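Next up: just one chain, as structure tokens, the form predicted alone.
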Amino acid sequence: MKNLRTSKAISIAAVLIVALIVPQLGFNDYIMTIFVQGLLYSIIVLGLNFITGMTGQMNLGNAAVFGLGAYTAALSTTKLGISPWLAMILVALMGWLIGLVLGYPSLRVKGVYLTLTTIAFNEIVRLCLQNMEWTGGVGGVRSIPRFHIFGFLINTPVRNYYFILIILVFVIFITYRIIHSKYGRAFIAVRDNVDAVETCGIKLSRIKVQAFTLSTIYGAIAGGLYASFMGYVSPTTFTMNLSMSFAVMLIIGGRCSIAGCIIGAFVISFAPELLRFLGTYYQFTYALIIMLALIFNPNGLVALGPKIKHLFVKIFHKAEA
């Protein structure tokens, strides 16, 4: 047990060191923007994991949550004139409200019907953002203020990278504590055996709403950070395709795993760049890779770690023999 903890601590330290030196490797602003995008998507997928990974309820409305968080930050800073920091409080409250709006319908519908409900929610939000005058319509919202920390303006991809990395580390810590708490065990129990949960006296309705609320708060906060980072938001960003991408990130990386959520977020964020050389065959190849991954490795990329380790150990022992 002690060796396992030491191994985990070393792995976490190594990942943090690599994350800290990424901006020093000479990447241009475009690549650093993708890295920032990966950090933001990691927060969203960590939240999605509560409802889809742990409680087993498919949510395809996360792009709408992401968009509402972004627009809450954008409109409160540009039209109300409040600071981005205070706007994040409103963003979190928006996430909590969305969680209640989506959580309570989940008590009456489940399975494919719940998925259709979240899809409808996504489209309703997108159309509202696109057609309402006070949201800027198709033109969106521009000139969104940046974050300040003691007079230090966070206005470059590298600065945003470090800023959001710090937030992600904090989010990971909170997520870890929740997963390994009684609430996390209750979430997993709902996915594995709903009847047993009710028999044990756990209030199913409260657990489902809590899972939705956590998911939407994470998504809204990521949206608020995205608005400040980009300085511009548009309804064309928060489409159904984006919601599908979030679900793919979770499944490809590995459900119920913090590392899997982050790996999936970065892999899918960089996929367009890695497959750019394919040109018009990109979409076909992308879909084929995802399909094969789901068939031959349904537990996600994070599950490959122990298999690769076992393979190397086996090769090492053979070499010694």
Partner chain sequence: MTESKYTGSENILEVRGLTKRFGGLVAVDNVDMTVKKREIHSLIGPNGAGKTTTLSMINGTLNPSEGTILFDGEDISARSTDQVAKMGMGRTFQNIKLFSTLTVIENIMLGGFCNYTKGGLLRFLINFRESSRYEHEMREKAEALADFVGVYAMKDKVVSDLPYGRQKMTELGRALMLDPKLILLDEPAAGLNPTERAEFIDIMMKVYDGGTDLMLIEHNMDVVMNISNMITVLSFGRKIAEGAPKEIQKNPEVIKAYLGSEYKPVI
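Everything numeric in this text was worked out from a predicted model, so none of it was measured. Residue numbers count along the first chain shown, from 1.
What follows is about the form predicted in complex with the partner chain, which we do not show.
Among 177, 191 and 200, does every residue place a heavy atom within 4.5 Å of the partner chain in the predicted bound form?
Every listed residue reaches the partner chain in the predicted bound form, so yes.
Looking at 179 to 187, 115 to 123, 76 to 84, 243 to 251, which lies within 4.5 angstroms of the partner chain in the predicted bound form, counting heavy atoms?
Looking at the other structure, the answer is 179 to 187.
Can you work out which of 196, 132, 100, 158 has a heavy atom no more than 4.5 Å from the partner chain in the predicted bound form?
Partner contact (heavy atom, 4.5 Å) among the options: 196.
Can you work out which of 233, 164, 91, 214 has a heavy atom no more than 4.5 Å from the partner chain in the predicted bound form?
By the 4.5 Å heavy-atom cutoff, the listed residue in contact is 214.
Taking the partner chain as it sits in the predicted bound form, is residue 237 near enough to touch it, meaning that at least one heavy atom pair lies within 4.5 angstroms?
No, no contact at 4.5 Å.
Does residue 207 reach the partner chain in the predicted bound form if we count a contact as any heavy atom within 4.5 Å?
Residue-level check for residue 207: yes, a contact with the partner chain.
Consider residue 173 of the chain shown here, and say whether it contacts the partner chain in the predicted bound form, taking contact as heavy atoms within 4.5 Å.
So residue 173 counts as contacting the partner chain.
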